[in-house]
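One chain is shown next in structure tokens, namely the form predicted on its own.
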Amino acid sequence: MLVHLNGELVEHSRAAVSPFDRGFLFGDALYEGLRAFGHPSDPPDAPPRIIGLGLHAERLARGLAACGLDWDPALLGPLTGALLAANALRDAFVYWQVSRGTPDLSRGPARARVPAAALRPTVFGYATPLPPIDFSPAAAPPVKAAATAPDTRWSLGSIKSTSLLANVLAAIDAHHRHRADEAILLRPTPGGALVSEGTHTNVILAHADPAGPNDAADPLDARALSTPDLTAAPALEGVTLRLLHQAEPRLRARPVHAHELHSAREIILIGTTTMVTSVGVIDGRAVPEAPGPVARALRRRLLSLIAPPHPAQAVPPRLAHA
């Protein structure tokens, strides 16, 4: 596997980052996870598509500015193209990480919270294959088990930090307690616990809508759709969720209380690799509809959003092979 490291493509076994890099010592780093895919209608020589590339670059730009890291997020697209081409991949997960860099030990201690001088960011990226996306309209979303866990993380949920220890511990606990695939995090507030997000997904709930028509041809008309307000319970706005939210006015962002997880007709997880996934069991209790009509409809909606005519692609930059 060839990986990207500071402007070069190198074999992963030869890639080396200093143990004093601030990403390693402090988690002083940001990351983005992208999904590349090929559409059945694309010519064989067409470059892979990237879901929501512009939105990923925008989110990374906000994180870089918030953390005072100097790197150009416009490079995300061309560098991803080069990485995929170097590994001959089309359907893939692509990971990028930008850390503050490695300090000059002659100018101060390695673990100084405030670096003695501006540092050159460490930029790392890799790509691993994923199964091709099934574009069949009739294909059902996958079904997974979930468990709730307290959200003990910091309040800057909009920053996609590599400091994921709380997510990891919640996921491990959910797996050990309920053999769950995902943990849905609950943020304590004075008004009661609120749903924030999963450890690596966003959450959508579908409730019975008393005002909705019972015989609606579109299932989204017959359900009240909610996703947690990202400011009420600080969480990350996933790119896949944002795509759906922009295109689907019936999806309402609001504070979602923990007890609503047990009254929902459907619980749906949204993410880069999970795309649209139904929760079949929550805390050991069956969810009424999994996969339900809302999850199926949202899956079809997402597929229609990511599969327009193939966009123009920038020519990938020429990178040195070390």
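Computed from a predicted structure; not experimentally measured. Each residue number is its position in the shown sequence, starting from 1.
Another form, the form predicted together with a small molecule, is not on view; read the next lines as being about it.
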Please tell me which of 80, 227, 201, 99 lies within 4.5 Å of the small molecule in the predicted complex, judged by heavy atoms.
201
Of 87, 122, 148, 167, which residue is found within 4.5 angstroms of the small molecule in the predicted complex when only non-hydrogen atoms are counted?
167
In terms of non-hydrogen atoms within 4.5 angstroms, which of the given stretches 69-77, 101-109, 127-135, 239-247 touches the small molecule in the predicted complex?
239-247
According to a 4.5 angstroms non-hydrogen atom cut-off, is residue 271 in contact with the small molecule in the predicted complex?
yes
Though only this chain appears here, would residue 59 touch the small molecule in the predicted complex if you measure heavy atom gaps against 4.5 Å?
yes
Taking the small molecule as it sits in the predicted complex, is residue 153 in contact with it (heavy atom to heavy atom, 4.5 Å or less)?
yes
Should residue 160 be classed as touching the small molecule in the predicted complex when contacts are defined as heavy atoms within 4.5 Å?
yes
